[in-house]
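For reference, the chain that follows is the form predicted alone, supplied as structure tokens.
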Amino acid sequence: MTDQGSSFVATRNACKMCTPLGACLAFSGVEGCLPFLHGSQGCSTYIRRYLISHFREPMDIASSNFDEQSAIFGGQNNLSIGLRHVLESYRPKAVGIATTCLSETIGDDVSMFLNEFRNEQAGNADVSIPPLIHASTPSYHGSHFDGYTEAVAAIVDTLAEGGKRQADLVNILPGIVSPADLRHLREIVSDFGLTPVLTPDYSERLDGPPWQQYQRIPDGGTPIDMIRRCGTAAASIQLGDTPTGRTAAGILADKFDVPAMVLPMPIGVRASDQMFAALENISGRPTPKQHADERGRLVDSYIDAHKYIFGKCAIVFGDEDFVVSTVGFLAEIGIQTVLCGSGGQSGTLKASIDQIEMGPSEPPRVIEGVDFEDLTEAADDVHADLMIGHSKGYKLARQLGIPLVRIGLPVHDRFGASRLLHVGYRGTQQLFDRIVNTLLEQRQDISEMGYTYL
């Protein structure tokens, strides 16, 4: 209930997606795991449609399929029937169960339901019970990023075990990045002579080769046996420093004393340097030459393209971790961020932005928990040369008459989102080239001269 005299404005064209969507994405990054939504069928349909249009890969998401009766009397029976069905027909190695608004609102005790289900099926020789991973993800609280973070924490909390410390084992908790980013992170860590436990890893499952025959649960994902070893790792590297509440790195530190390194998303030279320094510290090895060379070429390209981008202004929006690192990256290449926003409401976005070294530029206006109507109103007060964010910003970019450089999730109106690389020196190089060429293309398009040499 609002205070008397205050007004409530509903979200209009949200700058985020629903919480269970993030959980389904995280569960898809575990080998043999089937995402399962405890709630109405429409939720799973919406999430499947959204993720398929971004990744261009098939995705099965089971549902307990609430009806009017379960919405009133509780969904335990639906959950039990649904789980029995998927265990018999999919034979999953794990089931990731995320709750929806409906089941959370009526107060279903899902943890108790799962315990009773395990007890009921204990004597059933026809049904093998795999790990049942439960994440609480009401969509009226948080964003898809919060759902992803909660699901990764639940995966580690359910599966990780302790044991003798393994000096060459490193937990990598990557945040929501592209399949190309996941592959590159695995490559970087391996080049230091370390064994990465990348959790979750949907790089193969959501960007794989064609099949000869349909697979209900596609190959790929972090092996469950590897996740069980997370408690023995030398360290955990969490990429992204905006999550609040429980995190996988925090759980591993608390339960198994695995040191946690919380770093920004490695976009830009400075943020990537922090990740490579952490890997040098863990491995005791210097950064491999191929990556040092990539850093050198990236810095050289900053110099070469300086005249095209210096003094330009940008609006940045999307997931909070992406926004923070992108603003830091823009600051180091001479583009001023004038406005940034996120649908997330961690409460840490402004503080993280304030810590960025902006040079001579004024700090940007930061708005949290924003929708695109808010962003549109705020954009009227600033001058911007480009926008950087996901596809949902296209309408505003078109209205402002400026280009949109697409990063993050979702990218629905362009092809190849799975192969967009953002992280590390190589990913920063690709993003930098895209930004420079976008500004050059804009300059050509509006020029009466029709420059062919810029």
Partner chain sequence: MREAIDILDARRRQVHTKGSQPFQLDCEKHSVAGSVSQRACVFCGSRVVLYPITDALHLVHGPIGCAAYTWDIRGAQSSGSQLHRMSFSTDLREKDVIYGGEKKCEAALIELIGRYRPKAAFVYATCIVGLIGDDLEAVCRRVTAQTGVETIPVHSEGFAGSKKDGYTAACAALDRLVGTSESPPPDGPSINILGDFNIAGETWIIRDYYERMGVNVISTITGDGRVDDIRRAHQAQLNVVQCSGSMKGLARLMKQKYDIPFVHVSYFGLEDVSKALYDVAEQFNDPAMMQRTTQLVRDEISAVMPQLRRYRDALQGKKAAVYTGGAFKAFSLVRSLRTLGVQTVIAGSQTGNPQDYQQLESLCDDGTVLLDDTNPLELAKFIDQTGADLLIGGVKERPIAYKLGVAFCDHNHERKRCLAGYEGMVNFANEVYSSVCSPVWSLSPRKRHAPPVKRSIGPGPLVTADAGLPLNTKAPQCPTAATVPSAGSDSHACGVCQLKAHCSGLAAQETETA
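Please read all numbers here as calculations on a predicted model, not as lab measurements. Positions refer to the first chain, counted from 1.
Note that the form predicted in complex with its partner chain isn't included here; everything after this is about it.
Considering non-hydrogen atoms and a 4.5 Å limit, which listed residue (Gln355, Gln290, Ser89, Asn124) is close to its partner chain in the predicted bound form? Contact with its partner chain in the predicted bound form is made by Ser89 alone.
Ok, Cys33, Val423, Ala26, Ile47: which has a heavy atom sitting within 4.5 Å of its partner chain in the predicted bound form? Filtering the options by heavy-atom distance leaves Ile47.
Quick check on Gly208: any heavy atom within 4.5 Å of its partner chain in the predicted bound form? Judged by the heavy-atom cut-off of 4.5 Å, Gly208 is in contact with its partner chain in the predicted bound form.
Using a 4.5 angstroms cut-off on non-hydrogen atoms, would Ile435 count as touching its partner chain in the predicted bound form? Outside the cut-off, so no.
Does any part of Tyr453 reach within 4.5 Å of its partner chain in the predicted bound form? Heavy atoms only, please. No, Tyr453 sits far enough from its partner chain in the predicted bound form that none of its heavy atoms falls within 4.5 Å.
Hey, in the predicted bound form, does Gln429 get a heavy atom within 4.5 angstroms of its partner chain? Gln429: no, not in contact with its partner chain in the predicted bound form.
Does every residue of Phe8, Ile61 and Ser64 put a non-hydrogen atom within 4.5 angstroms of its partner chain in the predicted bound form? Yes, the whole trio is in contact, each within 4.5 Å by some heavy atom.
Among 264-272, 129-137, 236-244, 68-76, which stretch sits within 4.5 Å of its partner chain in the predicted bound form, heavy atoms only? Result of the contact check: 68-76.
Residues from 203-229 in contact with its partner chain (non-hydrogen atom within 4.5 Å) in the predicted bound form: Stretch hits, in order: Gly208, Pro209, Pro210, Trp211, Gln212, Gln213, Tyr214, Gln215, Arg216, Asp219.
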